[in-house]
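This document starts with one chain, in the form predicted alone, laid out as structure tokens.
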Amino acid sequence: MNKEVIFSMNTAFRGEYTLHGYSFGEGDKAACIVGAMRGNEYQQLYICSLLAKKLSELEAQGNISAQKEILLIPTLNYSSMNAKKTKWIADDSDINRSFPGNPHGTATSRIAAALLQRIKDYSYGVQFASFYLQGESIPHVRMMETGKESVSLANLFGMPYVLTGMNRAFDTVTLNYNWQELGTQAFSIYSATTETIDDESAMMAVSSVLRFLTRMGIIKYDCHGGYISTTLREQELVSIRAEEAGFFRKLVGVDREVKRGEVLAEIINPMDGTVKASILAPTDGIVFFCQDAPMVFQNTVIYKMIRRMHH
């Protein structure tokens, strides 16, 4: 393992900021893996720590293929992590809304520019991303529909689901989009959680990356085949919103098969304990996402479901 400084700068609040990368093997720029971009992405950083340990072992055993280099960047925002902030401390900007970046711009824009400059020539890119809603989701691989995406490659991770999504306005300033635009096959891996450590889904994420690297001929590693992935378009997920505000009592969790009309959760009046609303499944299907905040607000998305297709 070789440790390098990708970028450093002085910051007003925390002294010097340094972005580190860890490379394994040497030769062609085969794969780059990027971890936590936000200060609350503890699970994503944890996954990177497990992966670093595994790649170090494989390198020591001579199991990284000849003339192949893997670069791992565990976190871009440890300053915010240390301060328990989600976004950049000084100006509350988001690194993953700062691409392609500007070497002479704001702090997050400079970090984004330096990162992209270093990682733009890798054949494959993996980002451990966090789901945009707070809660738990089924682990999955997501690809943006840029016209350059490859679902068949995404299937090689062996995750339960491959999700493809149309580009939203803000996607053009994310790492995944800019990586793909520069010719890297980029994938976002979503684990079950973000702010809490979930060992089972962390190991699933590590295994999926090792499986992909093996199938691409970048490492030699014996791994089980994983899942035969189901491909979904993000637009096919059914969103369920809270009808009322109040305490959220979850009755059905993620990855559960449910019938139309089944009670998924209850919203409780915080003052008198009565049930203000019962949240019913609008269709037969599988729970893909469930929010995990103790209280919910009216009209917020609390569940996402995969509609069961009737044959």
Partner chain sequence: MIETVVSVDLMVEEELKVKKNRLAPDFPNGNEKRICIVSGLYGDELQGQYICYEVIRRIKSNYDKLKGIVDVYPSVNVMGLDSRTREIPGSGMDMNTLFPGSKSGALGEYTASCIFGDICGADVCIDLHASNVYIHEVPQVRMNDDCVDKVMPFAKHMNVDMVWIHPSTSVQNGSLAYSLNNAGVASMVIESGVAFRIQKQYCEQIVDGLFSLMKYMGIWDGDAVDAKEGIVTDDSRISYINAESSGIFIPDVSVYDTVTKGTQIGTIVNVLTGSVEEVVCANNDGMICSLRDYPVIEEGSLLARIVGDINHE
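A quick note: this is a predicted structure, and the numbers were derived from the prediction, not measured. Numbering follows the first chain given and starts at 1.
Below: the form predicted together with its partner chain, not depicted.
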task: Run the contact test on Gly27, Thr231 and Arg256 with a 4.5 Å heavy atom cut-off to its partner chain in the predicted bound form and return yes or no.
output: no
message: Although the partner isn't part of this model, could you tell me whether Met271 comes within 4.5 Å of its partner chain in the predicted bound form, counting any heavy atom of the residue?
response: yes
- prompt: Contact between Cys223 and its partner chain in the predicted bound form at 4.5 Å, heavy atoms?
  reply: no
task: Please check if Leu153 has a heavy atom lying within 4.5 Å of any heavy atom of its partner chain in the predicted bound form.
output: no
message: in the predicted bound form, is there a heavy atom of its partner chain that lies within 4.5 Å of any heavy atom of Asn10, even though the partner is absent here?
response: yes
query: Heavy atoms within 4.5 Å of its partner chain in the predicted bound form: which of the stretches 61-69, 280-288, 240-248, 44-52 has them?
result: 240-248
- request: Just give me the residues of 283-305, first to last, that have a heavy atom within 4.5 Å of its partner chain in the predicted bound form.
  value: Met295, Val296, Phe297, Gln298, Asn299, Thr300, Val301
